[in-house]
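The form predicted alone is given below as one chain in structure tokens.
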Amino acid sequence: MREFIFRLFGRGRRPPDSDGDARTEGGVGADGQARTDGGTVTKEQTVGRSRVQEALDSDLVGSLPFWLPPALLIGLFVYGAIGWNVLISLTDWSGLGQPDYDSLSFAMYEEMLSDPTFWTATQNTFVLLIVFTAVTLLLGLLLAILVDQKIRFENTFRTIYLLPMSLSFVVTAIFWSWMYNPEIGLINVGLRSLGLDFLAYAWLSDPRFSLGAVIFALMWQFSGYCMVVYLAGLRAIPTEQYEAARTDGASTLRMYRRVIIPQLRASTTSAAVVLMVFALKAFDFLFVLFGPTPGPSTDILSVMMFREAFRATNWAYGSAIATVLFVMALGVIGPYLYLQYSRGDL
């Protein structure tokens, strides 16, 4: 790398004497040119060359070819796009015209605050975010504790639980649209076969159950992921701590509540962040189930953003909703990154 940089700056080879000492071999300097001062370099030249040499030898310069190109691409196509989206949200762009960047304002955000559809979608987004994350973490923890009991076919159960995680939201949504079908869906058919016809509802079209049905389907998909995360945390706890709790007379419930679960804080934090990010990205799941107009009971911000931007062509309003979603994602990831930084893990 250093040789390449020297050639880039026009030097044929690395200077043979890089420590800046005065030369005595008859007037040939570090750059290979004959010197007119009798072969002696000045002190300022020596110090300057030493600093340049030190900078070129640093790890930062040596690692530039590996991290600088992807960093520039991410900066352009990810953060540049985010910045452009924020800029569009400050315009009044709609229809098939071009945005006018001469008059920027917060008019779209003011309109958003007075839009009841926005508040309904925000409420549904928070319910999905919190309930889905909490229930999935709890189910994943229970599954991990069961699998950690050295049961037979542990690997088989672990694979079965983790398999839904590999499916895309589109496949999961189609699968659960069949399961929730009010006439031929497996859930209602099973309830009717047990004589529980009064529980056979139209799960997706009834506003009382539609959001709960979505949360249950997402929980089915991601509980296996939480189980694996918690299982790794349980296996990392030394066996001596289990034995010490048993020796002190702690019951199983007390041992898990006072000794084991508090040590799973890192697993809980990392799994919760992943689940909340997936909850914010549940657009394709709801879009496949309900289309662009899911109704007030299941409308969330990501679906509303798509509807405003790509169906109503209110580009500026859709960009403002996307900006709110980005801020919510930062609210989820920011504290986690700060926590990792404060622990020295970042």
Partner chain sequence: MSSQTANDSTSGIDFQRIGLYAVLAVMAAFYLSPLESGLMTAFKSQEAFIGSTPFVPPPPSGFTVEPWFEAWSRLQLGVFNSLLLAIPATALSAVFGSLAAYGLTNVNWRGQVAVIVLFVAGIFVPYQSVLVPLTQFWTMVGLDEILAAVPMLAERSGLIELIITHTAYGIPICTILFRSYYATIDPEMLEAARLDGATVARIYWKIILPLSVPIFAVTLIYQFTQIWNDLLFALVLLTSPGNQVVTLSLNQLQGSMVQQYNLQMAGAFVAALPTLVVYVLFGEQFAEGVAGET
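These numbers were taken from a predicted model, which means no experiment stands behind them. Residue numbers count along the first chain shown, from 1.
The following text describes the form predicted together with its partner chain, which does not appear among the structures shown.
- In summary, among the residues 189, 131, 261, 107, the only one with a non-hydrogen atom within 4.5 Å of its partner chain in the predicted bound form is 189.
- Proximity to its partner chain in the predicted bound form, defined as a heavy atom within 4.5 Å, singles out one entry of 96, 78, 194, 113, which is 78.
- A residue is said to contact a partner when one of its heavy atoms sits within 4.5 Å of a partner heavy atom; residue 274 meets this definition for its partner chain in the predicted bound form.
- For residue 118, no non-hydrogen atom is located within 4.5 Å of its partner chain in the predicted bound form, even though that partner is not displayed.
- Contact between residue 103 and its partner chain in the predicted bound form is not found at the 4.5 Å heavy atom cutoff.
- Under a 4.5 angstroms non-hydrogen atom cutoff, its partner chain in the predicted bound form has residue 177 among its neighbouring residues.
- Within 4.5 Å of its partner chain in the predicted bound form, a heavy atom is found for not a single one of 138, 198 and 313.
- In sequence order, 139, 143, 146, 147, 148, 149, 150, 151, 152, 155, 157, 158, 159 are the residues of 133-159 having a heavy atom within 4.5 Å of its partner chain in the predicted bound form; the partner itself is omitted from this view.
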